[in-house]
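Just the one chain here, laid out as structure tokens, in the form predicted alone.
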Amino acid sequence: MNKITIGQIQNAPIIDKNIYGHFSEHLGHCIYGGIFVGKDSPIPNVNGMRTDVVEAMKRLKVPVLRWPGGCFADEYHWRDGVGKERRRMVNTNWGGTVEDNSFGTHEFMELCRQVGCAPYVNINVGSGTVREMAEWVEYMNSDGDSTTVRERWANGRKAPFDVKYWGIGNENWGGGGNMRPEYYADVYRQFQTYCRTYGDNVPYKIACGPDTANYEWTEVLMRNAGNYMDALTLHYYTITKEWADKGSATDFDDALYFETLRKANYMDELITKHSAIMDRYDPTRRVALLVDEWGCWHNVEPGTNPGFLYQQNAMRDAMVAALSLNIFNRHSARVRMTNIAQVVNVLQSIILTDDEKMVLTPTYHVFDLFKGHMDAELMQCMLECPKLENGMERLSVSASQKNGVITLTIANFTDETAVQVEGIHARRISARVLSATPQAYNSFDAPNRVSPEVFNRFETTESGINLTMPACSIVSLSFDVNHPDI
């Protein structure tokens, strides 16, 4: 019997809702066609934003959205994307396509308004200037009567946008300038100085952190610039095979399925080790660790532009999402935002579109199952279960409580299995399950092949519940402990 024991944590951290954040880059059809179709499109839209995509994001209560990149951020110049005359450029990072900048600052803020999420703006450090950044912050946040603010007025916005989250550079160890950590730390300190406060809006300054296991980068940044940042980022993608041949998103065997899980589970070790370095310089954990790019990276779908990173999304990806979100929840004392890459049509997206068609991926449904954790207090989960051959536990779990409701999410990676849950005393229980073979996915012809269902394969006990989880499944349970006898 697999056993989960739920308990309270003294001074428990809150699972920040921003852990359930997303990422949108000028890459492939994430923005154009995926989110933005223009006001004159026959596809239903509001101010150019696809109505179906916006409504799907609203149902998830998407808390924060990162933009304009990614790699694109460090060749993006914000004035190219404001006003009536927009500068055309070639997107040299992704596919060599023409970027007409019809989706810029005002359009992004309109998207965030419609979705109801906070904007996270990534600044160009790699090819930009301090003045360019300072004027963008002023353009977005100042209510003064300056030439830059008047430019915003002329473009149709009188009130400030009040953007809080500012990422100062992206992957500056690589495509964002190939910088050494010592050099970037100094550049970061310079840029952040001019990321000014306007009114009551104090900017939340986010430094570019390491790629995967680059622990030296974290050490140097925390030592040399930790006092000047609110957060440090971490990027890690789950690549099942190797960079040159990452493997198909849908055509794989059980061995590759379990290898994907093993590599995804590496996230736990990365967060643990980077957090340990941060703890030495920041024992109160003032500085957050943001995993603002994560997810599965497979080969593109056959026949698509390799620079557009369009891949299908199977139940295997959903299992990785559940595993990752449980890891983030458990590390919520340090991890306070994550952004899966990316929201539409790119990498491990939650939504796929094809002209007027739209489909929700299995990964979308995982975010829906997990949203009860948002802004809830983390609970302890003691897990007793057998190990898989790759050394992982066969289950992944996290629990939280908010307003008298406990949310418990469990991922079962293998065959049907019985699970005993102890430590929860409630009779009012609701549950949903997502289950399918690892290779199953939703298509435009079969959009509901993998979708959540009501789960009722459980029975209450004096100390909790017993449940039977289907093979390759994710279960979300909600316990109303305010009504234990109902």
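The numbering used is simple: start at 1 and walk along the sequence shown. All values reported here derive from a predicted model rather than from experimental measurement.
Omitted here: the form predicted in complex with a small molecule. The next part is about that form.
- Comment: 292 to 300 is the region of 259 to 267, 292 to 300, 127 to 135, 190 to 198 lying near the small molecule in the predicted complex, near meaning a non-hydrogen atom within 4.5 Å.
- With a 4.5 Å cutoff on heavy atoms, Tyr139 does not count as touching the small molecule in the predicted complex; it lies far away.
- In the predicted complex, the small molecule sits within 4.5 Å of a heavy atom of Leu27.
- Interface membership of Phe308, defined by any non-hydrogen atom within 4.5 Å of the small molecule in the predicted complex, is ruled out.
- Although the partner is absent from this view, Asn313 stays clear of the small molecule in the predicted complex, with no non-hydrogen atom inside 4.5 angstroms.
- When the small molecule is considered in the predicted complex, only one residue from Glu171, Glu99, Asp230, Asp368 comes within 4.5 Å through any heavy atom, namely Glu171.
- The listed set Ala341, Val115, Ala399, Leu221 contains one residue whose heavy atoms approach the small molecule in the predicted complex to within 4.5 Å, identified as Ala341.
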